[in-house]
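One chain follows as structure tokens, the form predicted alone.
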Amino acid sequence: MTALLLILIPLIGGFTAFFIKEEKLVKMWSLAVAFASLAVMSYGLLFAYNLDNKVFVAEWLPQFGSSFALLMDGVSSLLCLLTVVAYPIIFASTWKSKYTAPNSFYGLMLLTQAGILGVFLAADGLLFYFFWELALIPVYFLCSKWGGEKRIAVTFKFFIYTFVGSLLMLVGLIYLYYQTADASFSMQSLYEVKLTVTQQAWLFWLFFIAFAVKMPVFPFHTWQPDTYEQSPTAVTMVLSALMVKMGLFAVVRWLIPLFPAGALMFDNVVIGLSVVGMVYASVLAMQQDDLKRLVAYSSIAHIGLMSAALFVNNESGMQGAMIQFFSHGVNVLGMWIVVELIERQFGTRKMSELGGIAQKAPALAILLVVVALANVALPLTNAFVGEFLMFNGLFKFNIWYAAVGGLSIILSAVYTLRMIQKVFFGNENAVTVNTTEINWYEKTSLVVIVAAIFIMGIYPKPVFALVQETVTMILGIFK
């Protein structure tokens, strides 16, 4: 029942939010719904994590061989936890943000949460596709109505990329459906389909392109920086901390189990593209003056490493990638909160126009430095655990991939330290002379993130235990 409740709470909460016209009331309602989801997930993990709680099946579309089947295994539990932790932080940290038609904004945000959780829990191919689209549709409206000046053109580009990718995946799903022995979309039936190497090869690309667009992986990434820049920061947080994980998770849940021969055939292609993307995005991040675009390119580099690690076919790489799913979500959320606080107070995101903030907002500076250093995988932070394992896995697969990919670590340190120096240190100027310290709930949001950074960095064992089941299953496919 936990899996079903996780979807129903934001779904019902989202539809209810549309009818709450008062801004403060709809904000309080949305935050309450987010905390309710967190409470259900916490109870499920702490007190009811057993086989009965992990599986839910109900009749849905029997005429199409599809059921409302949900599965909460290790990696899906980790990503559901990330989602329900992120939403209260997003709502709290953007509490002061003003939106026209706030009831529509928060309603769409909660519907997006329901769709994301559905993607992580779906154990039926058609249901997975349904939630994949459900998560995307509200985002189109959120970006096009509440985005920046170029929002229409940017949202159209985002729509075209994701629509084409989704269409390719749907074609592949329908083809697989007709290959099943029982005319079913169930995950188990799709897993058992016997495909030739040729079939796996072209089906692999139908699915991979859809997932690569969502991550995004080079060269399918060009929609991302513009979308992140033009979207409201709360939406950008959802996109970068949560929605990119849909593509990575889909590789683990669907792509590799369905097409293991295809994964082995094209592993060098995928890893090569991912490594090129890591270095390319890091170089572009160094050129940015806009904080949003810097964080956007930084995210592409981190996603590239996770994408590469999923295809190295060894335990270290696979385990590191899954741990990094959570760590990257936490860290990039912290980065976006700081960007939101800076833009709201100073009316600019340009580093060249900022400086000296640490003199009057030391708490913000200290918290940002911790988050930024976690973003470059400093030892004792959460990202160090995942990145060490991923580079170890990449090294075992091919030393040259690891060497080239390792350049992104050096480059990320350069642009991150440069950002800290230009924004927080140096002398005050006309823009930052009236800097004020952040308030208690913004500070609380960042403190929670910093706590998570150190806890996972010092004691990652519970996360290892959570993902081990999925790692063993994936590696077993290739034996």
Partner chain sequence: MTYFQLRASYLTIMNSIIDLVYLVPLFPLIGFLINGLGRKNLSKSLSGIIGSGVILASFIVSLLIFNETRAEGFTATTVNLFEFINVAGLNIPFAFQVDQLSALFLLIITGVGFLIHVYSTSYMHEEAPHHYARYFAYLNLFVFSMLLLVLGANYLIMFIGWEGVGLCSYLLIGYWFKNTEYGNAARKAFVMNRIGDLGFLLGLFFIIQQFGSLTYIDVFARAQGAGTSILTVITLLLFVGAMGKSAQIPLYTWLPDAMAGPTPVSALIHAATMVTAGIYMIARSNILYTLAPVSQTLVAVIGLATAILAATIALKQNDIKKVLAYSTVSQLGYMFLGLGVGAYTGAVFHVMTHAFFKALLFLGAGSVIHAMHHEQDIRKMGGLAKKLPVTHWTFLAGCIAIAGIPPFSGFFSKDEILVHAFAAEPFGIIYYVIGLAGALMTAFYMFRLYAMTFKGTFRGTHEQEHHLHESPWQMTVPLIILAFLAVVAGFVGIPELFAADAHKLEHYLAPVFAASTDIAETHPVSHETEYILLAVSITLIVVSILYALNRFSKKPETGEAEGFGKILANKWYVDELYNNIITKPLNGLGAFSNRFIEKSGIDGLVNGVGKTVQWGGRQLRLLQSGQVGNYVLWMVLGVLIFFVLAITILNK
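Positions refer to the first chain, counted from 1. Just so you know, these numbers come straight off a predicted model, no measurement behind them.
One more form of this protein, predicted together with its partner chain, exists but is not displayed; see below.
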4.5 Å heavy atom contact, residue 458 and its partner chain in the predicted bound form:
yes
I'd like to know whether residue 161 contacts its partner chain in the predicted bound form, with contact meaning heavy atoms within 4.5 angstroms.
yes
Residue 347, heavy atom within 4.5 angstroms of its partner chain in the predicted bound form:
no
Although the partner isn't part of this model, could you tell me whether residue 201 comes within 4.5 Å of its partner chain in the predicted bound form, counting any heavy atom of the residue?
no
Exactly one of 311, 91, 254, 218 has a non-hydrogen atom within 4.5 Å of its partner chain in the predicted bound form; which residue is it?
218
With the partner omitted here, the residue among 316, 233, 103, 186 that in the predicted bound form has a heavy atom within 4.5 Å of its partner chain is 316
Are 287, 297 and 388 jointly within 4.5 Å of its partner chain in the predicted bound form, each by at least one heavy atom?
yes
Heavy atoms within 4.5 Å of its partner chain in the predicted bound form: which stretch in 256 to 264, 75 to 83, 356 to 364, 333 to 341 meets that?
356 to 364
Determine the residues of 349 to 384 with a heavy atom within 4.5 Å of its partner chain in the predicted bound form and present them in sequence order; the list may be empty.
358, 359, 362, 363, 366, 373, 376, 377, 378, 379, 380, 384
